[in-house]
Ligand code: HEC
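Only one chain is shown below, in C-alpha cells, and it's the form predicted on its own.
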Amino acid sequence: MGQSKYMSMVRLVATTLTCGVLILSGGSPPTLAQDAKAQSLIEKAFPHSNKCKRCHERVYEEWETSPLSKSIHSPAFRASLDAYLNSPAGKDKALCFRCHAPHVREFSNQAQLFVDQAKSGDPSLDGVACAQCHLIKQVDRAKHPPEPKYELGSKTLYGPYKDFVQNLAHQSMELGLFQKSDLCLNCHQSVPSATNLGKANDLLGNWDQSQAVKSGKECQSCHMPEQVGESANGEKKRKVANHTFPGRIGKLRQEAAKLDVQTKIDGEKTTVTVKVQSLVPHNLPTTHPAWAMVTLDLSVKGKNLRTVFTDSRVYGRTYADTKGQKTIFDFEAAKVLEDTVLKPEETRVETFTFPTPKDTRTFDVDVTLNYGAIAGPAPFLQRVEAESSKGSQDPVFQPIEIVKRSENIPVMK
C-alpha cells in the first residue's frame, strides 16, 4: 500500500472515531478494514478516475482542472455539508452527495463513509468523475429531481460517439443521451432539499423555452464544446468533447452577458443607465448554492482618479426559514424571500443617479458584472476560510469578472 493511500485511510479512521456517528450492527465504530472493504466495493462498481487516466490522459487532465473534480473536495462544500448535517434537515446524510458524488445512490448504506471522506479534506473516493457519468444508461425525468439509472456490472461505458476504439479495459457503446441536456439535469435542475419550494426555487428557470434551446443547443454545446483531439492515448485525432466544463470558471463566462452603458449629465445630477443582457439560456446565476450571486458594480472616479461614488445591484435569491429569518441555505428554506435572478436571456435595465463630480474636466465610469464573492453568516465564512487553510483553495473569496465597460465622460461647462 502506498504511503499517501495509507495516510488517507488513517485520517479517515481518525475522523470516523472522532465523530463517532457511524454505528454498525453491534454498536461499534467501523474499523480500517471495514472502511477499506466498503471503499473497495464502491470502486469495483465505479472505477476510480485514476484508472481511466492510464488511457484517457487528455480527458483526465481537462477534468482535473474543472469544478466537477472538486465536487467533494472544495472548502465551501465541506463547510456547507457540515452546516447541513448539524441542521434539523440533516438526517439524510446521503442527500448532498446525490449530486456531489452521485454514486452514493447505489450505496446509501455507506453514506457516512462519503461524509467522512469529504470531511477529511483529502478524499480518496471520487465525487463527480468518469464513472459517475459514463455508467449512466438513462435519466428518469418523471422524477423530481430527475434520476440517473446506472448500468453496473456490465463493464460497458457509454458515450456520444460511434467511432470508439475497441480496447481491453472496457466495452464502449454510443448513447444519444450523452448529447442531450437530460444527462445534466439529475444534478442541475433542482436541489432535493428544497423541492418543497417547487418552481419558486427552480435553478435553471424556463431554460427549455429559451431561444438557444429552440435553435438546437444542449447543455453540452457550451459546457462541453467539441474540439479535435485524442479520446484515448495514441488514438487518431477526431471530434471529442472538452471536459473542463467551463462556466463560472473559464472563458465561457465572458460570453454570459452584454452591458450597454449610457451616461447623462443634467447639471449637478448625473444618471448612468445600464442595460444588462443575459446571453445564457438558464438563470444567471443558477442559485445553488444560494451565495452564488452575480453583482453589477458601478464605480465613478473623479479628480485624480479618486472614487466619488459606488453602487451595486445583486442578482440572486434570498430565503427565509421557518422562523422568518433570512438564510443562505436552501435546506433551511421555508419560502423564497426575494428573487432578483436574471431569467434566461433576460434584459434588465438598471439606473444609478449621483451628484456630478466637481472640479474636474472628465470623470470615469466603470461598470462590471461579476460573479460575487462568497457571502453568508460570519460563522459559515470563518468555517470556509478554515477549510481553505488546509491546502484546498476555493476561488470564492474574490469576485470573478464576467464583463466590464469603462467610459471617460467629459463635464461640459
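A residue's number is simply how far along the shown sequence it sits, counting from 1. Because the structure is a prediction, the values reported are computed rather than measured.
Below, we refer to the form predicted together with heme C (HEC), which is not included among the displayed structures.
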Is there any non-hydrogen atom of residue 51 lying within 4.5 Å of heme C (HEC) in the model of the complex? yes
Indicate whether heme C (HEC) has at least one heavy atom within 4.5 Å of a heavy atom of residue 348 in the model of the complex. no
With heavy atoms only and a cut-off of 4.5 Å, decide whether residue 104 touches heme C (HEC) in the model of the complex. no
Would residue 317 show up as a contact with heme C (HEC) in the model of the complex if we use heavy atoms at 4.5 Å? no
Among the candidate residues 81, 328, 342, 113, which is the single one with a non-hydrogen atom no more than 4.5 Å from heme C (HEC) in the model of the complex? 81
Answer key, heme C (HEC) contact in the model of the complex at 4.5 Å (heavy atoms) among 149, 143, 238, 91: the residue is 238
If the criterion is a non-hydrogen atom within 4.5 angstroms, does every one of 263, 313 and 363 touch heme C (HEC) in the model of the complex? no
If we take heavy atoms and a 4.5 Å cut-off, which stretch out of 279-287, 318-326, 115-123, 194-202 is in contact with heme C (HEC) in the model of the complex? 279-287
At 4.5 Å, heavy atom to heavy atom, what parts of 97-120 sit next to heme C (HEC) in the model of the complex? List them in sequence order, or say none. 99, 100, 102
